[in-house]
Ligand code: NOJ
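This document opens with one chain alone, in structure tokens, the form predicted alone.
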């Protein structure tokens, strides 16, 4: 386990929208370099950067055309290596986004695989025996190539699935996970990882990490075996490199597959979802951190605690403020509500991630789809740095930004919030300082609910020797518990006080005591 994960906070950058350094309206690698000092000033010690590899960008770069080449819109391979070096000079780490389960249909591997004559890439993707044989239970395309067969998709029509084999095989064309073609795909993946690790990359966030071996059982045992093999390579040759999975099943991802971190994804009605986005389209938001929410922390704990207990010591569950696939929390949460939500996320076990712009409360915007974003497009808008032209995203007044910026004069910006002592931005910075200062707020310190209960406020929890409490409700609360005796409040949002063994905590407040 890389030791640096214990005390770090990640910052996720969507590169097209972060900072345009060359005036073409699209963010780029040199723009990220320009803002490394800002990211470090937040207290974040590492970045996760969404895909920067060559791509037709029909799915925001998750349709890779060349894994070893930086997309021209972002710069060059040399620029990316420079980013690694600049980050390292500041004591920071960089994770790249790795898409192992599919490529673009423009990838040279796939073009070669489409040929009728057999070649070294014929088995790199999943193909049936003939054009009129589909793949039950899976998306596929037939009749568009010279090759006699239908090919499987991982999701969109332009994302053919790479072949890591099938655990449960029912057809002759299904490869075994240890077949020559499946092993070749695994080796190609390791080669890509080595290529970037050798140039200074500090690890990878892995897209759809559980999607490799097809017809895998519910335990994803065959897919986990692929990742364990990769983890062995990393432990041997790159012991400080880190892997975080898009899996949202820590028992499988951490215990089984050997990932260092697993994202607690925003799945409808799971524990994480009930905290920030407990709504369906057009419905009422009953999130725990909403002042008018139902205030039931047990909906979170009933889902989270079994996962936490089963995976503790194997790796870290990673909670995030948002990501490029998820509605920004400011879609429904006020600034006060965001402060409490972030206070909770940044004082929980595991390794937290902040999505660019969430630290200032950037809004979700209802926008037409761009590059396969669909409803996700409104979460990928340009970073709002200041009130200059294009809000500081681009210095070229003639450039058309990657996505439109808000017209409102009172739109949130970094510049404004830096000068406001109690802004959301400065609250986030304070919380990260505390996380670095106290080992009991870091990734591996014990978490224990103290007073869980349905619609019971405040929620009190223990991290090591520290006691924390959060009251997102609209009413002042008083709770008696011996855990508060002889304690001193070291940090608070809103108002809180300890009176003997009683905690008095105002509406929409948070506190930490030792």
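Note that the structure is predicted; figures quoted are calculated from it, not measured. Positions refer to the first chain, counted from 1.
There is also a form predicted in complex with 1-deoxynojirimycin; it is not shown, and the following applies to it.
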Consider residue 459 of the chain shown here, and say whether it contacts 1-deoxynojirimycin in the predicted bound form, taking contact as heavy atoms within 4.5 Å. no
Just checking whether residue 207 would be counted as a contact of 1-deoxynojirimycin in the predicted bound form - the rule being heavy atoms within 4.5 angstroms. yes
So in the predicted bound form, does any heavy atom of residue 102 sit within 4.5 Å of 1-deoxynojirimycin? yes
Any of the heavy atoms of residue 107 lying within 4.5 Å of 1-deoxynojirimycin in the predicted bound form? no
One stretch from 55-63, 474-482, 450-458, 38-46 that, in the predicted bound form, holds residues within 4.5 Å of 1-deoxynojirimycin by heavy atom: 55-63
Option touching 1-deoxynojirimycin, based on a heavy atom within 4.5 Å in the predicted bound form, out of 173, 195, 155, 132: 155
Answer key: of 181, 266, 246, 444, within 4.5 Å of 1-deoxynojirimycin in the predicted bound form (heavy atoms) is 246
Using the arrangement in the predicted bound form, list in sequence order the residues of 400-432 with any heavy atom within 4.5 angstroms of 1-deoxynojirimycin. none
